[in-house]
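Just one chain is shown here, as structure tokens, and it is the form predicted on its own.
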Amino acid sequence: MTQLPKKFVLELCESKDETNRFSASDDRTPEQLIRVLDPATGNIWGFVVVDDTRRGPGLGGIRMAPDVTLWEVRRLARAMTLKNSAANLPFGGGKAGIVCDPVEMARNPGMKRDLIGIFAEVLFSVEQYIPAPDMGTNEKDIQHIYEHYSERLGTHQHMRGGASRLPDKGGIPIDEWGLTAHSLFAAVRTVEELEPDFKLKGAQVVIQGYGNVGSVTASKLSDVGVVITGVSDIHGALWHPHGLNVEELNSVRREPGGISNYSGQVEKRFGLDQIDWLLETPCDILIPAARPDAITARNADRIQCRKIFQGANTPSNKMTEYYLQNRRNIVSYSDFIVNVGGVMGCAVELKMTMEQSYREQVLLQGEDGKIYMERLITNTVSSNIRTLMSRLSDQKDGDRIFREEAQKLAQERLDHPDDIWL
């Protein structure tokens, strides 16, 4: 069993990453790169990256994984900068990672609470970072951090200690409402409206990562006639060309063994060493909703879809997306444009915490704020996609890809931080 340290300390580290010798030209040096250490042993327990605060403090989730690295957290923090900027939110980009096995922590909730408490104590000194949930962490963890910060600050009315807290404590239930999935769904529907030859009814969809985002996305898409032909989680993958039963998948995914408990008809089951093969199965829409770098030069030639909607952050890089779009006619709709629902929920929650009149405005629209949130997400995602596709259709050389135009849009909004849509 993991032995927790008594405390953590922070160590500023160099922005240079020796494993990333050839950084892209649009990379920007983060404002803060921090290691989280056990002072007794020197062991690294985590990382915090504040990427860019021109629009406001860096807002982004805490990821827990045994193999999380500084480079992964740095990339994710940059994605949060682009995401918050593109959505015209009053926040910059930040991210944190805890080097620990979330499965072990789930089996030992007391130990996880202690770990989050120690992490919150050292995180308090990073004033320009606002934590939120991510893979391996949840609303309870963020509530714990919020309460710790509230005690330190002497008030519960603050924006320092986290977003997406417990709903009964004033938080917005991002996973329960499926807000990130809602933004993906809004993106897919907008593209359908803009492209006459792209229809959802009967379309085949493969989802890598059947968790809180992937499962709700599957439900929303199946409700409009999409056929979910493939899914995966940490236990394996399933594929059936005639479709999987989404209701049963949603029922078994939280059981021990996850979707491996699915009893419906399947044509192929992929084991742990073959999970990534699911990405290569034929479909109309591919939704990578798991870890970074799912689609790379290693498998780009074997991807068999028409469109990719990025449910995960940084599931591929610009070079791979350029090849897919300009050589294989597969458009990849960027993470920081299409999966913004979760962070938008965080932003609304933070504003509701600080402004009672805004809270009343949100709640007034019904279902305790859900209607307001879904409208805001739909309008934001739809507006951005329409803008980007219009720009791409107007280009003279026909060579720019969706990500490049999206980065340009986000950069324009970074340069105008007073333009806020909330």
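Keep in mind that this is a model prediction, so the values were computed, not measured. Note that residue numbering follows the sequence shown and begins at 1.
A second form of this protein, the form predicted in complex with a small molecule, is not displayed here; the remarks below concern that form.
Trainee: Out of 145 to 153, 316 to 324, 228 to 236, 99 to 107, where are the residues with a heavy atom within 4.5 Å of the small molecule in the model of the complex?
Mentor: Contact criterion met by 228 to 236 only.
Trainee: With the cut-off set at 4.5 Å between non-hydrogen atoms, does residue 281 touch the small molecule in the model of the complex?
Mentor: Contact check for residue 281: no, nothing within 4.5 Å of the small molecule in the model of the complex.
Trainee: I'd like to know whether residue 339 contacts the small molecule in the model of the complex, with contact meaning heavy atoms within 4.5 angstroms.
Mentor: Heavy-atom contact with the small molecule at 4.5 Å: present for residue 339.
Trainee: Give a yes or no for residue 212: in the model of the complex, does one of its heavy atoms lie within 4.5 Å of a heavy atom belonging to the small molecule?
Mentor: It does: once the small molecule is placed as it appears in the model of the complex, residue 212 has a heavy atom within 4.5 Å of it.
Trainee: With a 4.5 Å heavy atom cut-off, would you call residue 332 a contact of the small molecule in the model of the complex?
Mentor: No, no contact at 4.5 Å.
Trainee: Please determine whether each residue of 132, 182 and 349 possesses a non-hydrogen atom within 4.5 angstroms of the small molecule in the model of the complex.
Mentor: So, no: the whole triplet misses the small molecule.
Trainee: Just to confirm, with a 4.5 Å cut-off on non-hydrogen atoms, which of 77, 163, 287, 174 contacts the small molecule in the model of the complex?
Mentor: Of 77, 163, 287, 174, the residue with a heavy atom within 4.5 Å of the small molecule in the model of the complex is 174.
Trainee: Can you pick out, from 291, 307, 158, 220, the residue that has a heavy atom within 4.5 Å of the small molecule in the model of the complex?
Mentor: Checked against the cut-off, the match is 291.
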